[in-house]
Ligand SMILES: C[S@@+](CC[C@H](N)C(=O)[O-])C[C@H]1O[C@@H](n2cnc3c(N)ncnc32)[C@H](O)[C@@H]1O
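Listed next as structure tokens is one chain, alone, in the form predicted on its own.
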Amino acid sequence: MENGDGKRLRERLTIPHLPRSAAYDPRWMIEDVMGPNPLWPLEELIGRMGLRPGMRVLDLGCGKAMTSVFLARECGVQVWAADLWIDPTDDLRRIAEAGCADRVVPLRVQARELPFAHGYFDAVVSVDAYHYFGTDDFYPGCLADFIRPGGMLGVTVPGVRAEIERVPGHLRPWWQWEFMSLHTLAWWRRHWELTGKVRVLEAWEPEEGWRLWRTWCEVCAEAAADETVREASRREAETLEADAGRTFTFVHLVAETTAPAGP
């Protein structure tokens, strides 16, 4: 039975149109997070990707494997949980505790040096990570080679409403150079489709994206056990509050591979 604190957290983190995410333990989400809540956008993605039980899915930039567990449980797929920064032994412990050790394989992987056969995966999913490596002009075409013809690519990343040409005045106190990796929905669509290897089926900005992002940061600032996480979340919440949706948003894309996999 949840205590009062647990009930309060669950209420704050329950999004009516995202019922699957609401079923997960709020403490588990908070303690294993590495940025914006990954389950909310992932739930939106999988609703449009047509994933079926038994499919092979690469979870690229999986962090602490929260998204990998979600994919295995909610879609019945086999997941390769790939991340560069997190020890796969630590991820295996979390995966086993979640009852998914038979469906999720943790790996330490450099996104630009994927150790897989071309055409091996039915789908690739990346949540809150793709912008760290996927802005390279060569990357989307190379990544598409690892997905079978007619397979799916689903990505969600923080984005911006207009390409940033200079630091917005209202964001100067909160500016971080890493924001240079954030782009618009139109930029991402063009970046993918110019490869000729994928066809974007859906691309959208959730209307409430920045507000959900801010809510998540506010909750983590109050409830995270790690002081470093609390402080980073406080600053991020202040940044999003100051911006009020003028600059920051979330970008979701779902695409289908259109060219035969191969060198």
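Note that residue numbering begins at 1 and tracks the sequence as displayed. Worth saying up front: this structure is predicted, and the values here are computed from it rather than measured.
What comes next is about the form predicted together with this ligand, which is not displayed.
Enquirer: Name the residue from Trp174, Phe133, Trp187, Phe116 that puts a heavy atom within 4.5 Å of this ligand in the model of the complex.
Expert: Residue within 4.5 Å of the partner: Phe133.
Enquirer: Which one, Ala72, Leu143, Ala129, Ala123, lies within 4.5 Å of this ligand in the model of the complex by heavy atoms?
Expert: It is Ala129 that has a heavy atom within 4.5 Å of the partner.
Enquirer: Which is the contacting stretch out of 165-173, 107-115, 188-196, 147-155, given heavy atoms within 4.5 Å of this ligand in the model of the complex?
Expert: Looking at the partner contacts, the answer comes out as 107-115.
Enquirer: Looking in the model of the complex, any heavy atom of Trp85 within 4.5 Å of this ligand?
Expert: Because a heavy atom of Trp85 falls inside 4.5 Å of this ligand in the model of the complex, the answer is yes.
Enquirer: Against this ligand in the model of the complex, would Gly63 count as a contact residue? Criterion: heavy atoms within 4.5 Å.
Expert: Gly63: yes, in contact with this ligand in the model of the complex.
Enquirer: Would Met34 count as a contact of this ligand in the model of the complex, using a 4.5 angstroms cut-off between non-hydrogen atoms?
Expert: Yes - in the model of the complex, heavy atoms of Met34 and this ligand come within 4.5 Å of each other.
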